[in-house]
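Presented below, as structure tokens, is a lone chain in the form predicted on its own.
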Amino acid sequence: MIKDLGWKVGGAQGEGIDSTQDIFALSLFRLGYYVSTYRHFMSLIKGGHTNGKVRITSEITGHHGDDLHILLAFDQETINHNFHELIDGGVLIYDTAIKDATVPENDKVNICPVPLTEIAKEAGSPIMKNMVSMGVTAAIIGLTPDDFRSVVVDKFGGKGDEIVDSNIAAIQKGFDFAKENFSATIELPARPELKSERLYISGNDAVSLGAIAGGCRLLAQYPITPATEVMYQIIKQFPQVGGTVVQAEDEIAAVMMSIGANYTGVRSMTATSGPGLSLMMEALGLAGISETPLVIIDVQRSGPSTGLPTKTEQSDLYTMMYGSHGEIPRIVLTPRNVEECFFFTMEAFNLAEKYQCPVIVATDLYMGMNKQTVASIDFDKFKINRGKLISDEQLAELEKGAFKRFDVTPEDGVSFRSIPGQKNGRFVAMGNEHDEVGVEMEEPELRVKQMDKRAKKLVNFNDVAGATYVGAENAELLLVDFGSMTGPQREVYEELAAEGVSVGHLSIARLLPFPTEEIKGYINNAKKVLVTEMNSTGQLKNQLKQFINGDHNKFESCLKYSGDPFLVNEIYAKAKALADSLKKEVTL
């Protein structure tokens, strides 16, 4: 088991919960700890309960943790909704400004009432109660007020020394109060040795940076939670590298702008979530038949329709794999951690141009909006590949009008692409079926040739590994997942392996082309296959059944679709029960 410390702050939306969480997490990150965060919030501008959790560990994880050691409550709702999560020996810190505060009876939790608002007023402003709470927390976990100084300076330095000093003073007052009034302590995990640079970013941050590093210079997007942060981050970064962000009037316009920009040779993408992806289905077909590169980021959330817009889910899998009309080749990548959000997005631009087809990068709210420690990114791993761009010299050798943009003769199905403005490289890109030079046609023989040409593109695809496996050879119990489920499921795998269970962990990184050959051996060798995913129908499990021949009765689902992310213990309970059932079979 990973030794960790779970800390959570809660209050009314608009009360500074996000910034309080970020100050605490960033301070611990700068001290060298690994941190993983989770934000629970409602789809309201202001009001309603919100909270933010931080997990502090000595090693990298992909989960915000099950256990809660310290709960910091700014209102009664926070106590009502979260107190039950505190472990024995945990600490509840609450603001005595909460009128008639009610704390559940529990003699195993340390109760620390603190006049957070009153102390903050003494320090200069009641809004600094979050800083007072940092001081109280520091006293309980063995830190000093000075450990928060660098973050305070970075956040408030632009407002002047007086503001910085008053915030530092608020932290000190909270620290002094806790030292004088409480004896409760919680031990931090061992501080890891800092061997290399690390980052503290979210999946959305990583997608944005990956897009820029991959050469994206136009983002056309309509705002939608939880993908809006992608646009905000790129707006911040584009001035350093050049590029344009267009806030389109809707998702249809956004994806069409992206197709248009890619047609002209500018690497472009759009980012959205489920409802927006649905609106892009016709354009997806246009990119496919016109063989125009296209990158779409889908940060999944709970559906259908508006559903739970600020909650997480993995229920767009079918839409990403099969949405749109007709048949087109497409690539669907599923990053399993924040680092892969960066690298897969970078690589998506290469793949879109190499295969001249749509590429969808599938993340979700859980990974997209929550920050965590990430190993330093090695930019040398990536090289830009523009694919089959025809040169001016090659075009000059052709007779006028002889350029075949949709040439059907290449064995890989990918023909040369020209950029508008290249002499003798003119062609028409349209949604209608066409001949080799782009002229609309309906002749059956030519139609079949164009369909067959496009279908050949991904037959031998091996640019991105389809899955990763760890575990025993011929494991009896196989754990399978994709996307953000890999983090918590890896912890389950490690716990079961430590108990001596014959277990393996297979995490899918690519949904299309489906990695059948890569994974069928692991599936067929296992006695039980547990597929963990955040939807109600087992969409990944159903794809495994479709693509993998063999005994389909061995598949079991571990599903969650409440809007809340999985706890590790929820997956462990299901996996442990399956492991025990296999043991009984052997005994009988």
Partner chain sequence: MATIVDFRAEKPNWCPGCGDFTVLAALQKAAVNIGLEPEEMVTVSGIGCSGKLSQYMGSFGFHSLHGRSLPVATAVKLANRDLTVVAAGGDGDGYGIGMGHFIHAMRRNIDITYLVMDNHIYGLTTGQTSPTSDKGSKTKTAPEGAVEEPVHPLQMAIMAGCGFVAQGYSGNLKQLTELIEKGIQHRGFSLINIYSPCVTFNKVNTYDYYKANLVNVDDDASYDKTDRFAAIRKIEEAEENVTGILYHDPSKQAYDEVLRGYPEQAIAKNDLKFTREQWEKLAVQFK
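Since the model is a prediction, treat every value here as computed from it, not as a measurement. Positions refer to the first chain, counted from 1.
Another form, the form predicted together with its partner chain, is not on view; read the next lines as being about it.
- Look at 227-235, 70-78, 96-104, 469-477: in the predicted bound form, residues with non-hydrogen atoms within 4.5 angstroms of its partner chain sit in 227-235.
- The putative spot formed by Arg198, Val246 and Ser418 is fully lined by its partner chain in the predicted bound form; each residue has a non-hydrogen atom within 4.5 angstroms of it.
- Looking at Glu440, you'd find a heavy atom of it within 4.5 angstroms of its partner chain in the predicted bound form.
- Among heavy atoms of Phe342, some come within 4.5 Å of its partner chain in the predicted bound form.
- Residue contact with its partner chain in the predicted bound form: Gly260 places a heavy atom within 4.5 Å of it.
- Its partner chain is not shown here, and in the predicted bound form it never comes within 4.5 Å of any heavy atom of Ile60.
- Just one of Val152, Leu511, Leu277, Ile212 comes within 4.5 Å of its partner chain in the predicted bound form, counting any heavy atom, and that one is Ile212.
- For the candidate set Val241, Leu194, Ala455, Ala402, a heavy atom within 4.5 Å of its partner chain in the predicted bound form is found for exactly one residue, namely Val241.
- Residues are counted as partner-facing when one of their heavy atoms sits within 4.5 Å of its partner chain in the predicted bound form; in 397-431 these are Lys400, Ser418, Ile419, Pro420, Gly421, Gln422, Lys423, Gly425, Arg426, Phe427, Val428, Ala429, Met430, Gly431, in sequence order.
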